[in-house]
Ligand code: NOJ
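Below, in structure tokens: the form predicted alone, a single chain.
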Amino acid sequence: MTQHLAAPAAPDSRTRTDWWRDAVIYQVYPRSFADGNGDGMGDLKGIRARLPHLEDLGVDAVWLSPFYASPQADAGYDVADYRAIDPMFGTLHDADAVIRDAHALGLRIIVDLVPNHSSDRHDWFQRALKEGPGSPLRERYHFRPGKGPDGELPPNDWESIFGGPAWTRTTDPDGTPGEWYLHLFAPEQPDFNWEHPAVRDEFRSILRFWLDMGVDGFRVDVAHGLVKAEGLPDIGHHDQLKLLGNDTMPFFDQDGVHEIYRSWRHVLAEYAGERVLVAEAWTPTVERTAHYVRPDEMHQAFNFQYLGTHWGAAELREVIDGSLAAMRPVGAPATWVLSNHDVTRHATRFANPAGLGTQLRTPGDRALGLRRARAATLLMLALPGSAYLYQGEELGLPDVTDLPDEVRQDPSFHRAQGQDGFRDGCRVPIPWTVEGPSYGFGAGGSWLPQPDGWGELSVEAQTGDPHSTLELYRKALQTRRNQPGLGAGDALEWADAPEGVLAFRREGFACTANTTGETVRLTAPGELLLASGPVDLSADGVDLPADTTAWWAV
């Protein structure tokens, strides 16, 4: 087997072969993180300049959302060239500099990979359209004749996740109506046909390209969607627009995807240092998610069941137990996440009544949401396994729920059905400084408008304030790294606690989380290490306030 040398490695943390089992991974959404050239759009130069913030925060790795060449029909998840950087983000030299600087700081880099679909501007797809029916390139996508006397109806009844039919009809080179092509997302995102060997060969080559650049792994977008059921059968009903749902669909979570990821694991094994694969896999159950992280497939899978859990002790405990139990047989770490670029920030979700979903347009009770968000973060970071943070959550940022409709760019917002389309609220560029035209994001404004007073939540405003959310995150990540009982593992010991309180122990460590709206009296399990809010300690116990989590050294 050929051995490829890694790009220059950073000391200590990058030498661990099992680093991913307890890693805290920070998601950077490039267009909204930092703007290095003043055009109002975040870019790789901006990310490079702000890497010291992530080192200071205490994370282990950085996941970069797509920065590839793209028409940006879906914020870069429509890739035209997987080996090129979109000019709005910079150049390959900029990407190389980000990777090298991150490694020098002891940070690993994970890049987004989008294998379910390409852009309709991808060379393969453009040539397939130009060459017309019968072109071998059409076999690399899902082109089909339509139904009806003149082929005027879609080949089946599948609907797009973004709303409307999952099929778009082409126009043949002679100008007449032609075949249809499948796109589970926007029409600008045609789905690859993963039964075709050229598609499989191409993505193994893409993996090697970025591994040669020195990346430490890949977050695989729509990892559950690559393989479709044979014959592309009709579903027969119209309640199918559930990317976040639990229904079994012929285009999601087909068993054939696992052969693909086993072959990818072999590619990663060619490279020095342990590189990782992370699945974005929306599956009906956490047990199905576990299939993606069997020992010869991926290393991690996002725990979306946890992300959608409400702030309540009973529901949280059930999901925590289920997640750990599902991962244990396959030897994979559980992962925990509260926010990402597709859902309302948890500081706003928890500010609203439970049951409203993961995409909201109401701000709710800001103080309540922040208090619960801080408590939820400490709870998450105490659980066995790996944790994901979304940029800005360390500042306690809420969703921007009052964006004018005319500035929204989420493609699903402008369709009548599909996802709610309110994802722009969590994508507003983050504030770095108290003042300035874009609160330190960049010199030229920001691509989505930032709220007045955004600077009060900035890195500058919160640094050094012992009560700030930023300093809470810094202290929590430092404590997590220093406590032997935190991080990797697959078990915890639940302790008796009043209703509405979660209490558990790990090696030399205890966590208590009060999810109720009232202060609860408890026996202190040890020495207080950290709390998400004020805690009243006395000789005979502790008063744990509403919506507060505390960490203890036992």
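Quick note: we count residues from 1 along the sequence shown, nothing fancier. Predicted model only: the values in this text are computed from it and were never measured.
If you look for the form predicted together with the ligand, you will not find it shown, but the lines that follow are about it.
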property: Interface segment, criterion being heavy atoms within 4.5 Å of the ligand in the predicted bound form, picked from 148-156, 334-342, 461-469, 270-278; result: 334-342
property: 4.5 Å heavy atom contact, residue 303 to the ligand in the predicted bound form; result: no
property: 4.5 angstroms heavy atom contact with the ligand in the predicted bound form for residue 221; result: yes
property: Partner contact for residue 119 in the predicted bound form: the ligand, 4.5 angstroms, heavy atom; result: no
property: Contact label in the predicted bound form: residue 74 to the ligand, heavy atom within 4.5 Å; result: yes
property: Heavy atom distance at most 4.5 Å to the ligand in the predicted bound form, all of 21, 288 and 292; result: no
property: The unique member of 162, 432, 143, 388 whose heavy atoms fall within 4.5 Å of the ligand in the predicted bound form; result: 162
property: Candidate from 89, 185, 473, 180 lying within 4.5 Å of the ligand in the predicted bound form - any heavy atom; result: 185
